[in-house]
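Take a look at this one chain, the form predicted alone, written out in structure tokens.
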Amino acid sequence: MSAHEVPTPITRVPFFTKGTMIVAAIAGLGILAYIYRLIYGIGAATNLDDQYPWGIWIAIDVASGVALAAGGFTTAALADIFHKERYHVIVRPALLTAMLGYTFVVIGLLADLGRYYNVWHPMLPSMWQGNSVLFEVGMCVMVYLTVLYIEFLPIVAERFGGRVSLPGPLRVFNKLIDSWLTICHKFLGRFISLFIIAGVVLSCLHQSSLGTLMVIAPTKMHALWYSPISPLMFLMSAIAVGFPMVIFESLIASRSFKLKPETKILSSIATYTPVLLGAYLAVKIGDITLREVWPLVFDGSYESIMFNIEILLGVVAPIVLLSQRKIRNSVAGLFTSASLVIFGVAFNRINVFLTAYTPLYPGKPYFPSIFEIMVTVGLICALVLVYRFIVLNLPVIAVPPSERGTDKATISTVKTA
């Protein structure tokens, strides 16, 4: 991070614009659909049944959401574990994206749970089930989300430490909250590396375990996606999409907040992506070869078309594009390549949990209801709004002096994870 670029709230940008008002309206419709589901039940709000127990809420809101939030642990590992100091400028936005991503994954998961009010049960040792993959995923996500909020606390302390001023009767809590923020700011930063390491380990555990969910259903999975090494491929694809997600988020934020893109930094981390995608592709090809399913890749079926779209657009095309320096140094090239990787990973999760799955006794094909679509789109829009609010009020994005807001008191050069 340049000495002249420090994280600061972007106070000169208004929260509401024509675009954010449209996004807020869509988020509002999603919230109404979400409330309808909670009140009237999963059967009334979805097209799920005993044959198709999982729909887009699992494929998109949970599986894709968890994978696309991987930028937090990959960037933190690169900057803090491998000591690539120059990448600290993008760690905070990546951390925020991961924190919000996992938060909304949990919110989406609550909608998918039949008895959502029992979600707290895994916290009780008497209800643990060590043989369940979902139990491991749930515990890891729960702990990792806590770790993400702990990692984000120093940013909150940096912004409000010494400036807590609650109004009216709440002012009796000013000293208590300010003391707590001071402790977080001074002492938590000393141990932040431990939480970063814990976050990386927990991410690797549940990213891979998501790929284990369908391993127990070989007779219900299409051979193009069923594999005993699905956990490895899920982990590798999540790691590969981490940096493209950071690139995508950074470029979108730069355009939205009228900031100069961090092209040099983004171009630099983009060089890792072809290597990571290439390793994933090599494992994928080896898996297909060993399982002798190459004929299915070219049989012209619906499944083969979906598989080829996933591989060609989501893996091969980004490898070719990001292997060229001219593309990596171009904002349009970076955005296009990152978008393709994100599309490929999300499409893979949709294929694994929806396209590849065929129940033993299918009555009719699954298609999401309007409520399922509204909740999914609404959650995405709500995440965008919360991200915008936090960036406008907390020191997350590093900007040069010429592009900062007027709230100079919030500017701090303290580097936190």
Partner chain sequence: MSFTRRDLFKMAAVGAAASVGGNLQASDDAYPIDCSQTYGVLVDTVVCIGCRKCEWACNNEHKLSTTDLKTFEDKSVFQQHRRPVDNAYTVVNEFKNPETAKPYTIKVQCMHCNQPACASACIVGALKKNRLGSVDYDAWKCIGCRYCMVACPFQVPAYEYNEALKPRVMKCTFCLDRLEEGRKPACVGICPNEALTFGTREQLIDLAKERIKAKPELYFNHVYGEKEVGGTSWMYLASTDFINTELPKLTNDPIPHTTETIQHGIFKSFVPPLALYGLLGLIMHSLRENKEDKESDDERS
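Residue numbers count along the first chain shown, from 1. Here the structure is a predicted model, which means the values were calculated and not measured.
The form predicted in complex with its partner chain exists for this protein as well; it is not shown, and the discussion that follows is about that form.
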* **its partner chain contact at residue 274 in the model of the complex, heavy atom, 4.5 Å** => no
* To do: Report yes if any heavy atom of residue 367 sits within 4.5 Å of a heavy atom of its partner chain in the model of the complex; otherwise report no.
  => no
* Asked: If you check in the model of the complex, is residue 248 within 4.5 Å of its partner chain, heavy atoms only?
  -> no
* Asked: Is residue 311 close enough to touch its partner chain in the model of the complex, meaning at least one heavy atom pair within 4.5 Å?
  -> no
* Non-hydrogen atoms within 4.5 angstroms of its partner chain in the model of the complex: do 132, 212 and 290 all have one? -> yes
* **Segment assignment from 90-98, 316-324, 259-267, 213-221: heavy atom within 4.5 Å of its partner chain in the model of the complex** => 213-221
* Asked: Which listed residue (232, 279, 183, 331) meets the criterion of a heavy atom within 4.5 Å of its partner chain in the model of the complex?
  -> 232
* To do: Could you tell me which one of 157, 141, 164, 205 places a heavy atom within 4.5 Å of its partner chain in the model of the complex?
  => 205
* Asked: Counting only heavy atoms, which residues in 48-83 are within 4.5 Å of its partner chain in the model of the complex?
  -> 48, 49, 50, 51, 52, 53, 54, 80, 81, 82, 83
